[in-house]
Each structure stands twice: as C-alpha cells, then as structure tokens.
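First, one chain by itself: the form predicted alone, in structure tokens.
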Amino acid sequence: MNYLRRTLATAGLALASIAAMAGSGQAQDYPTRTITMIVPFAAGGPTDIIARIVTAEMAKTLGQSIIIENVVGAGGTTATTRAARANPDGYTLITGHMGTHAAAVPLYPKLAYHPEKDFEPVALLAGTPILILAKKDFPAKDLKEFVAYVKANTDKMNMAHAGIGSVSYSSCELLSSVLEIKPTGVPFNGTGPAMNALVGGQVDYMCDQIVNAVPQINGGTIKAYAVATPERNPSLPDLPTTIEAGLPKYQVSAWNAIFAPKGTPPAIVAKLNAAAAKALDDENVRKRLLDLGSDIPKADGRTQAALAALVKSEVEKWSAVLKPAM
C-alpha cells in the first residue's frame, strides 16, 4: 500500500512538472496569433475609446494584433459572461469597468459570472470621473437649478443610460438616491448611442464618464453641470465640482480595466500586465487619455493585486449603494 501511494505521488509530481513546463513554454511563446479584446458596449463609448487607445500600443509590445469586438446587451453583462466562459489561453480578454465588474453583482441577482471568482485581473487602465450632463436646451443654468428642476419635474424626466449594470446607470442611480427622485430610465446599447440621443435632445440628462463627453461639451452640443470628484478636471477646468456646485453628497468615479478568464496561465497574465503598463507610460497614449479627462493609474495601481483589491472593494461599495435602491 505504501509503495502504491509513493508511486502515485511520484507520478502526480511528474505530471505536475510536465504541465508546469508546458505552461511555461506556452507563456514564453505567447502570443502567436491575434488576440480578441471584447468591449461590452457599442463602439464610440468611453470603454471602447480607452480600450482602443491602450490595446493599439499593447499590440506593438506583444508583436500581435489585438482586435476589438464590441458585444452589446444587458448593461455589458452579456459580453462579460461570454468572456468568463472563453478558453483561458490569453487570446480572449475583456475591457471591463465599474459596472460590469462591480455594480452588476447587486443589480443582477442571477448574474452568470462573479467578477472575483471568474476572472483573472490583468491591469487597471484608467480612472474616469463622472459628469452630470443634460441636453443643450435643458432649462437649468447651473447644478442648483438642475436639482430643483428635476425634483419638480421627475415624472417628465428621461434619463439616458447604457443598460442596467452599466456605469451610466449605476452612477445616475446614485444621483437619484441622493436627490430622492425616480426619473424614467431610457436604456441604450452603450453610452455612445446614449450620448447621441442626448446630443439630439431625445433624452433630458445622463451621468457619464468624462471620456465620452469632453468633445461634446467643448462643442456646445450638450450641457455639463459638474464633475463628481473632489477636484476639478484639467480637461474641463471651468467645470465646477459637485462640492463647489452645492451637491457634496454626490461623489463618484468609474474605471476601466483588462480581465482574462479564470485559469489563464499566470505567466501570460503577467506578460499582458507588463504590456499594459508599458502602454500607459507611452507619451502619446498618456496625452490622449489625459486630454479626454482620464486619470492614469500610478505604477503601484497597475498591478494585478491592486486591480483585484479594487474589484473586491467596488463590489462591496456598490452592493451597499444599490441593494437598498432595488
């Protein structure tokens, strides 16, 4: 019996060693073909923009193309479920965000994935402050008037968002909670289409990531009332913070990050993390992200461990915020 146990144990160690060497060799050669980066929203939105800027530079480092595949539906959870079920070989990744990898947990009781259990955190790409926006002919001239108007006309207000679980939905749910209002939500397949509706005056207002709004604000096609961060954003220096504008309880920022399916070899995840970190140090990438109002994470915030900790804290935060509102 002891002999049999020793034989089985030796065989097990040998198999583990072979598997480890195979995995190491696979990671050393990776990537040998095109990588697919799933973006869980329509093209033109903030997640799509950030993903395209960063992955274009990552592809140079990795020596293979990274194609963007926009998969829409259910506030980004359709695409995220697909990514979670993909082969964990490093060739299918997803650029998720605060909505898909945090807020969706309390909003979808039967969510087909869990951000912490079903994904390997790869790298945080950018922080994205939230703005309170409205169509260009919205009657309020500042945030105080905006608050008074939506409170007085809640039953007439149409609030645009990218689907339940998206950043635009969750951040505006927080605003509704602070203001104690219940506007009519109008879902779109991404904040790109939602922004188009706002520009066209088909909806009244929305809460959106700054990346999606700077060109429209500067072009005068929409109104911006405040940025929901403690300090003003350099890309919109004249836009007051919610604290300055009289709504200090409304503070919220989003983020975008790369994730791989659970079980992706650590060496491959590490190679992807290094490529993302190098991209964020590229002068052109930094300028493009900063011009759009993004916050670029510092070196200690780009690690896999830092992203894992962020996801954990964000799931807890948004569960506390959104469950009472459901």
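Since we're looking at a predicted model, the values are computed, not measured. Throughout, we count residues from 1 along the sequence that is shown.
Heads up, the form predicted in complex with a small molecule isn't pictured, but that's what we're talking about next.
- Contact annotation for Ala162: at least one heavy atom lies within 4.5 Å of the small molecule in the predicted bound form.
- When contacts are judged by a 4.5 Å heavy atom cut-off, His97 counts as touching the small molecule in the predicted bound form.
- With a 4.5 Å cutoff on heavy atoms, Gly293 does not count as touching the small molecule in the predicted bound form; it lies far away.
- The closest non-hydrogen atom of Gly127 lies beyond 4.5 Å of the small molecule in the predicted bound form.
- Only one segment in the set 238 to 246, 149 to 157, 167 to 175, 111 to 119 has residues whose heavy atoms sit within 4.5 Å of the small molecule in the predicted bound form; it is 167 to 175.
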